[in-house]
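Presented as structure tokens, the chain that follows is alone, the form predicted alone.
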Amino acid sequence: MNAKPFHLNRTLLILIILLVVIAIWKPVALIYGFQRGGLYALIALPLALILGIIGILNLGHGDFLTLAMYIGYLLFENLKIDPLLSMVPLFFIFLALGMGIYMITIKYVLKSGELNQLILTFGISMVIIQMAELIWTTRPRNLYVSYASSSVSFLDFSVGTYEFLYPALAIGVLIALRLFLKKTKLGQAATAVGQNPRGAEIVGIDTNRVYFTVFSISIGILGIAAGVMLPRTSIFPLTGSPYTLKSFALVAMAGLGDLNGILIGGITLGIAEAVIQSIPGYGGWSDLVFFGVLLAVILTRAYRRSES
């Protein structure tokens, strides 16, 4: 009965000890890792929502993020809308885009198996990438706002302050999603559908409406992520592609439906990446952190299941 709390407490204790060690050994890496991990969590949260409730593998996840960044860039260049303010119109633009994509494509493959879902979302990914190349070419684009370069000095080093928005937004989106799932009728219906879609249909829940809403909201959240990334990220057709794989890795590590685990896992892995990058000669190994930890988690879970 007490085995699970014991494992949780032991894991939390180990994590705290590691954070203290890193704070003493590599304080700058700890700060930048915390910031980067917040961004990973912010991007992974909508994918976790789709996988946990709809159960579809969206290979175009990062490419929707790329498209949102291009739209945000156009809003800044043509309408002079500040990147942070653009998060609002980007959310609603991509909420509407999510609605359209769901009605035109996604709803028709929900019951046709994982392979068809993968092929469809891979096709959507390719369409977005090719469209971006045709319209904007492969030339990287950047926008500049003065506040994105602000920094603060602490002891013998300085750190950028803008990137603290990443974990702040990740926490804000997490709280909003938790409130939506627990306090609204539609959110409670979504939770029920995620746990048992057939049972939810039997008691009268409109699963198609739930899937439509959850998918649309998830794509809309990518508009928020794009807005906050704009001042610090070069935009090109493959900008978002790496985030697809990292988001899948985070969901696999946290487990389906564990939104809190996405935040904790994202920050933990962001710190691990930053620490490795701070070691001379080992910076190139940082991208392996996500997938090395992913393999370790999968093997550990498999071992525990075989033992039980």
Partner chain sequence: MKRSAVLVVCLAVLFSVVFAAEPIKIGAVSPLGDITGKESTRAMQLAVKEINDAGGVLGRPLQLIIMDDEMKPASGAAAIDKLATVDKVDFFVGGMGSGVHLAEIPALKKYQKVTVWIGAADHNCENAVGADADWYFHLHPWDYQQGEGYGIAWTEIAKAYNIKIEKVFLAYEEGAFGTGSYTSYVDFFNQAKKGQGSWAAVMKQFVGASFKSASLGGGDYRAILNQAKSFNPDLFVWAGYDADAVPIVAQAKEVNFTPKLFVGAPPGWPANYGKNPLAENVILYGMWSPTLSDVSPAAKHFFDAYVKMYGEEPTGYFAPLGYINIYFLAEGIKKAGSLDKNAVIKALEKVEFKDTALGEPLKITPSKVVKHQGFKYQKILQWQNGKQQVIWPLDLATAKLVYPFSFKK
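Predicted, not measured: the structure shown is a model, and the values here were computed from it. Residue numbers count along the first chain shown, from 1.
What comes next is about the form predicted in complex with its partner chain, which is not displayed.
- Heavy atoms within 4.5 Å of its partner chain in the model of the complex map, among the stretches 214-222, 91-99, 142-150, 183-191, onto 142-150 alone.
- In the model of the complex, its partner chain stays beyond 4.5 Å of every heavy atom belonging to I264.
- Taking the partner from the other structure, its partner chain in the model of the complex has a heavy atom within 4.5 Å of a heavy atom of Y32.
- Residue contact check for Q277: one or more of its heavy atoms lie within 4.5 Å of its partner chain in the model of the complex.
- By the criterion of a heavy atom within 4.5 Å, D82 is excluded from the residues contacting its partner chain in the model of the complex.
- Out of the listed residues T137, N78, N208, N196, T137 is the one that sits within 4.5 Å of its partner chain in the model of the complex by at least one heavy atom.
- If you take 236-256 and check each residue for a heavy atom within 4.5 Å of its partner chain in the model of the complex, you get F236, P242, K246, in sequence order.
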